[in-house]
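There is one chain below, alone, in structure tokens, taken in the form predicted alone.
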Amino acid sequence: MVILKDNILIGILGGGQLAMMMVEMSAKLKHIEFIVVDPSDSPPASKVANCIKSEFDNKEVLDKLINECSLVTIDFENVPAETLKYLEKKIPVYPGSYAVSICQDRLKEKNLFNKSNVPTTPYEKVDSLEQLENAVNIIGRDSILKSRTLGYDGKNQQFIGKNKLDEIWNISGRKSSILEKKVNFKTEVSLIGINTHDGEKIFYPLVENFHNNGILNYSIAPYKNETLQKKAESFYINISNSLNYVGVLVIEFFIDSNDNLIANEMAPRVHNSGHWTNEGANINQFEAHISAISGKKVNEIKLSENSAMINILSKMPKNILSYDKSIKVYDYGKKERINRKIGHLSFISKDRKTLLKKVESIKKIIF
């Protein structure tokens, strides 16, 4: 179904910084307006769009979206799948409830990867202490217990190691989980792809990502490896086709010691590791997503330089522009809190070594 109309009102469920940048970064697209739904007071997107304060299961608000919007999208993957099911009975929703429900559950996600012939680390379903003990016997203690849902930025994850299993199970909250064998990896990369209504796939280059305590600290693009790029794209096509996906979808991979791609997880939305596209590509990921879901043409992605994105966590640094005026500073307007993403920095350079030196210098200032 192609949505393209003269005037399009897009509903966004979730009003965080991703929704804010969807509105801001797609401003040059004509005849598109936005309405945002978010349960919090003054979320970032409320600064740039009409924002309704509401829980995501408020049917009165959902009916308003149905009556007024051309389509609906999301800015984070934990929007209830039931909400999306309710909406998509009446109006188009991208991504759809099926894709989001898969991405909300680590077990379903891993099963889909395997069904799509995409390699993963060994894993086992865990719903009890007995199952955890059996899973550890199969996989070993060099493994991580992860909750099936609501696990992001390193949350709800426990390393097994020499720890007592009953203590690990209690710390985990006794939630439905999976046990994953820890991957001995060289680096982590993500592939950001755009899926159009007619089935076209348009890819950004692989992005190299660097985490600390499960939280993305910074990303460098492009990660130049033609073999891995082609392999990642082939995996991506299998997965996105199985989800009947429209819009931006991101898949994160480990690169192991033998240069194999190991799928870790995916995000049914624009992504933190794609913030560099604002300055580093001819089409940023936000504009690409809005164009794709609304039926507008998405041109070939082009890069002219190397790009870096550094997350600002916990506290906004002072006078960062006095260090280098070529740095673009994004302030999400969030209250400062330990390990909270409250903004990011972005900059480009023709010379990769120069870019990496600047990254190291800035890391010392903000981390």
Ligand code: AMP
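Note that the coordinates shown come from a computational prediction; the quantities given were computed from them, not determined experimentally. Residue numbers run from 1 along the displayed sequence.
A second form of this protein, the form predicted together with the named molecule, is not displayed here; the remarks below concern that form.
This chain is displayed without the named molecule, yet in the predicted bound form the stretch 262-270 from 262-270, 77-85, 124-132, 161-169 comes within 4.5 Å of it by heavy atoms.
For a residue to qualify, one of its non-hydrogen atoms must sit within 4.5 Å of the named molecule in the predicted bound form; none of Asp38, Lys59 and Leu65 qualifies.
The named molecule is not drawn, but in the predicted bound form it has a heavy atom within 4.5 Å of Ile144. With a 4.5 Å cutoff on heavy atoms, Lys181 counts as touching the named molecule in the predicted bound form. None of the heavy atoms of Asn114 is located within 4.5 Å of the named molecule in the predicted bound form. Contact between Glu287 and the named molecule in the predicted bound form is not found at the 4.5 Å heavy atom cutoff. The partner is absent here, but in the predicted bound form a heavy atom of His211, alone among Arg174, Lys231, Lys201, His211, sits within 4.5 Å of the named molecule. The partner is absent here, but in the predicted bound form a heavy atom of Phe254, alone among Tyr223, Phe254, Tyr245, Tyr218, sits within 4.5 Å of the named molecule. Taking the named molecule as positioned in the predicted bound form, the only residue of 93-110 that brings a heavy atom within 4.5 Å of it is Arg106.
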